[in-house]
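Here we start with a single chain on its own, the form predicted on its own, put down as structure tokens.
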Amino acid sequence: MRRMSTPHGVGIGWRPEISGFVAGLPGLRFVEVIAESVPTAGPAPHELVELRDRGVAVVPHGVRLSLGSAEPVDPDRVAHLAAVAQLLAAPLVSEHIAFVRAGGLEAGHLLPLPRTHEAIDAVCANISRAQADLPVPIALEPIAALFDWPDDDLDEAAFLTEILERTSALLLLDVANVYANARNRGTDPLALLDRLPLERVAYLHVAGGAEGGGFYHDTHADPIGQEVLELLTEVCARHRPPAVLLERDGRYPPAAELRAELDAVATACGFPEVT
């Protein structure tokens, strides 16, 4: 199976609920699928195969590797991610700078790492273990965190930059996460962008969110706010990435609204529309 080209332009997260909508986008160049949702014992979902075969890059996005765990990354989980990448002829895979398990317990949620040198050592070791068994490059996504650990001794820019400098991994920068973290911490998102190695960005994420309980939540189930779109424009003005992907994971709007949101993302980055 030939490899698809590196993702470029505007893409959307593939979900079964909107598979028909996604298949009908004439200018679509790439999609992202949750890696753990793809079985490897048999053929891939036919909708993904059809996208792949028409030249749409399909990127497996992992949520369970737990790269930030103190214990070594689970080889079975790495093997599954590698198998999905091969099945879909993926140009790369992506995962989170986070942990989901510790001491044999599963959190069921992406949890933030303490921003310490010890945590950097652990996550870099696990990235290296994963890279050794993956057939394609990996891009790392910093998460939206509702809390910071009290023993942090690095800020987010220094923490992320050191991880990228010590590995050959790429960066998956989620603009909605940058906005959410800055809003909840009371910091300036542009100050973070100015210190990140944006030349390492493989692609961007963008999604909607909402206020709740005194926090801004990256919900993936609400429309993208104007402030997030403006931040997306700021990112692309600093170093235009090859691609940006819209994430939507619930409360799917009518097709016309989803098309308008994709067009707004394209406009914010100066990419051709996919609709």
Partner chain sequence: MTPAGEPTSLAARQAALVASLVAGGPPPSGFAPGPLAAARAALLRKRAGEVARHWPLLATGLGPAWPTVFIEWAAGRPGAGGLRDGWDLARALHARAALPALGAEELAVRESDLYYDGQRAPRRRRLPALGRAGDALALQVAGRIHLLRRRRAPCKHPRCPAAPGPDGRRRAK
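Note that the coordinates shown come from a computational prediction; the quantities given were computed from them, not determined experimentally. Numbering follows the first chain given and starts at 1.
What follows is about the form predicted in complex with the partner chain, which we do not show.
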Residue 103 versus the partner chain, in the predicted complex: is there a non-hydrogen atom within 4.5 Å? yes
Although the partner chain is absent from this view, report whether residue 158 comes within 4.5 Å of it in the predicted complex, heavy atoms only. no
Under a 4.5 Å heavy atom criterion, is residue 99 part of the interface with the partner chain in the predicted complex? yes
In the predicted complex, does residue 185 have a heavy atom within 4.5 Å of the partner chain? no
Contact at 170, 199 and 266 by the partner chain in the predicted complex, all three, heavy atom at most 4.5 Å: no
Specify the contacting stretch among 24-32, 62-70, 228-236, 45-53, defined as having any heavy atom within 4.5 Å of the partner chain in the predicted complex. 62-70
Between the options 127, 84, 113, 140, which residue brings a heavy atom to within 4.5 Å of the partner chain in the predicted complex? 113
Can you pick out, from 148, 153, 133, 165, the residue that has a heavy atom within 4.5 Å of the partner chain in the predicted complex? 148
Which of the residues spanning 107-122 lie within 4.5 Å of the partner chain in the predicted complex, based on heavy atoms? 107, 108, 109, 111, 113, 114, 118, 119, 122
